[in-house]
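Coming up is one lone chain in structure tokens, specifically the form predicted alone.
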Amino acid sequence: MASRNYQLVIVGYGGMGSYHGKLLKENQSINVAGTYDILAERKTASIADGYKAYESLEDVLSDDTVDFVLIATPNDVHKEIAIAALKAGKHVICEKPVTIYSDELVEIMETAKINDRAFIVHQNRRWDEDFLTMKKVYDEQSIGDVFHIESRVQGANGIPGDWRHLKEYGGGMLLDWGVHLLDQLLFMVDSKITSVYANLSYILGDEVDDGFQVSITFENGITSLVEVGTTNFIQLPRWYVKGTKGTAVIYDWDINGKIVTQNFGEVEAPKPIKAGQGLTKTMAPPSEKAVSTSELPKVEKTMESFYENVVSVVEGSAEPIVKNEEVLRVLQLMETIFKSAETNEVIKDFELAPITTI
């Protein structure tokens, strides 16, 4: 239980900033003391929502009653705000991607260490039910040893918002959604990456990617396909995972899906079917007794919520669930993906930072 009530200021009161405000209304340990935004309409929105609107970032940082600064601005200014807040003695929560380049995060991590302040990135999709469900399938070997993972999100609305269309602000779908899917993948699969091959989509004509496909191979033999699309009018499954004993699929955010496993022993062989202009036994559906279909496992709460964990970290009673070293690895992986797409090459000779860095 928290020993006190912490005061937090949201810097950047756009979509994500106001979203955090709504989330924190339900939190008993952290109170939103105010907001700061350079846009007049967002100051007005903040006041309408019942918050104090600070006139400058300096006013926020000089306010001794403020314990936390939450950064929800465009990506290109995360670093300078984070470092200023840490030096001012504030704990910092930052939206993702935490920075555009990995070396910027290293600077932030060093500043947090020097000033003995917490710096935590809001990688909120580690708590997504679809991810936790598939991680449970993976961890419990419900389909045997997993050897292939497909993770994708697809829509048909193009790149959202305004600044996300621009490279200088850190726009594009790899930085926007890839940061989540790659974080989930690395959180699930504890193995070194041995190769990366990627292509980025620029179908919509923006200067940043409107989608991507990346193939990742791990040292333990697992292969994966991570895909984000914004021009998909028919969506493929959110998750499609193959194991040595079966297959698991999750179709959508509502966790519609199933597990199909192989029945071993004496079962009826598949019968040939007519496929196009020929017959096939290989691609015929398995006989009724050859497989079993079951529901996806139910996920119970096994870890603190994001903000519960933030308070526990600050009070010294828990380690961060989202470790900065893990965030750094994802940034380095995204840099490798950009390199692969630019050179049209499979990238093999690279190392991600160890979890014990900084």
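None of the values given here were measured: they were computed from a predicted structure. Residue indices: 1-based, along the sequence shown.
Quick note: we don't show the form predicted in complex with a small molecule, though the next part is all about it.
- This chain appears without its partner; in the predicted bound form, the one residue of Val77, Leu182, Ile259, Ala112 with a heavy atom within 4.5 Å of the small molecule is Val77.
- The single contact residue among Phe147, Tyr101, Trp163, Tyr251, judged by any heavy atom lying within 4.5 Å of the small molecule in the predicted bound form, is Trp163.
- Remark: all three candidate residues (Met16, Asp37 and Ile81) come within 4.5 Å of the small molecule in the predicted bound form, counting heavy atoms only.
- Proximity to the small molecule in the predicted bound form, taken as heavy atoms within 4.5 Å, picks out 29-37 from the listed stretches 310-318, 286-294, 327-335, 29-37.
- Contact check for Glu95: a heavy atom falls within 4.5 Å of the small molecule in the predicted bound form.
- Taking the partner from the other structure, the small molecule in the predicted bound form has no heavy atom within 4.5 Å of any heavy atom of Val9.
- In the predicted bound form, the small molecule stays beyond 4.5 Å of every heavy atom belonging to Lys136.
- The small molecule is not drawn, but in the predicted bound form it has no heavy atom within 4.5 Å of Gln213.
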